[in-house]
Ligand code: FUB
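The chain that follows stands alone, in the form predicted alone, written as structure tokens.
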């Protein structure tokens, strides 16, 4: 672990830029993101989501999904993310309708030192109907990507996914009412076989977003499916990349918030498997503006997937010297600790935690304390009553790091308190209200 964080510190000089982000769930807090395709390239995770925006008159269909471009994000540790900016936009694709705002779920794959970015778009009027799938090519995972002059012949649909099998053969999958697949030629730009309707999947309900991965000789086809009213994530297995597939179960249940869609990708990174998906965290009243999440994924001994329960804490390790967003908690008391937006009109500012009953608490796991030891804690808070927070580690010693008094006032402030040295290592933090009061916390940080 110490070696890991030495590498992390070296990387800080790169990731700490104007496009630097840090988040738990959702991963990206500067824009709406959906349909995540996560990939591991050169020891980093690259995230290729679609980019939801709010439709306005003349720019998309009001009240519906609206996407005009794609960004790519990267992370060395699943906690710190860099936005590399726009890599493809609808007005740069020669054959696409630049007024459609339908740049839906994409994917990216590396082959022979080139990076191939696959995405759907609506064709221009007069050139056909519906969606086609395009390829843009780059020398680096963050671009620049150059779109081809024409889409892939033979594909009419959305949500492309590309996988390269152990023998080097590339396969492409997509959705068009059902799920389809075909082999790709070595140039990664043309089909090498006729499309195949994949079976066997549920006959009823919308199916989309195919994403295939292989583990221990088993091919897992994952996909969103409307079994009732909204999508849940399911999977089927096969011993062949083109099936037939056998239904195997549910990866993630329908969203508790009621978000109509979900979309997934699965990767292995540093010997752990992860599920990337989306929800409506930053837009709870309009589920056409979504946000990407990630949680750990585990397998049973027979190769079946354990159901993933969504979390706010997400994945990755938080450095104690960075802002710790305790509203992305690992656990909390049943009463007296609530989470709400700091400003409902400016939701990208994130959330706050309110403590309003004696002994109410929140626990935030996996915080890294390194060397030299931290000597103080800073809490961004406000309180209409004044109050005291106890901050301690949740270990056998249960050591109290600090008692921080939050003064009475209506404005946010940063309160700093000296603490005893905290031994290095990864620790779980507990923040608890001492006695009565109403205290709101944005974040805390050690230094």
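Bear in mind that the values here come from a model prediction, so they are computed numbers and not experimental data. Numbering follows the first chain given and starts at 1.
Just so you know, the form predicted together with the ligand exists too; it's not on screen, but the next bit is about it.
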item	value
Non-hydrogen atom within 4.5 Å of the ligand in the predicted complex for each of 67, 105 and 290	yes
Interface residue in the predicted complex among 212, 96, 337, 158, criterion: non-hydrogen atom within 4.5 angstroms of the ligand	158
Partner-contacting position among 234, 327, 80, 208 - heavy atom within 4.5 Å of the ligand in the predicted complex	208
Contact flag, residue 278 vs the ligand in the predicted complex, heavy atom cut 4.5 Å	yes
Contact of residue 222 with the ligand in the predicted complex (heavy atom, 4.5 Å)	no
Residue 50 within 4.5 Å of the ligand in the predicted complex, heavy atoms	yes
Heavy atom of residue 262 within 4.5 Å of the ligand in the predicted complex	yes
The ligand in the predicted complex: contacting segment from 329 to 337, 97 to 105, 343 to 351, 140 to 148, heavy atom within 4.5 Å	97 to 105
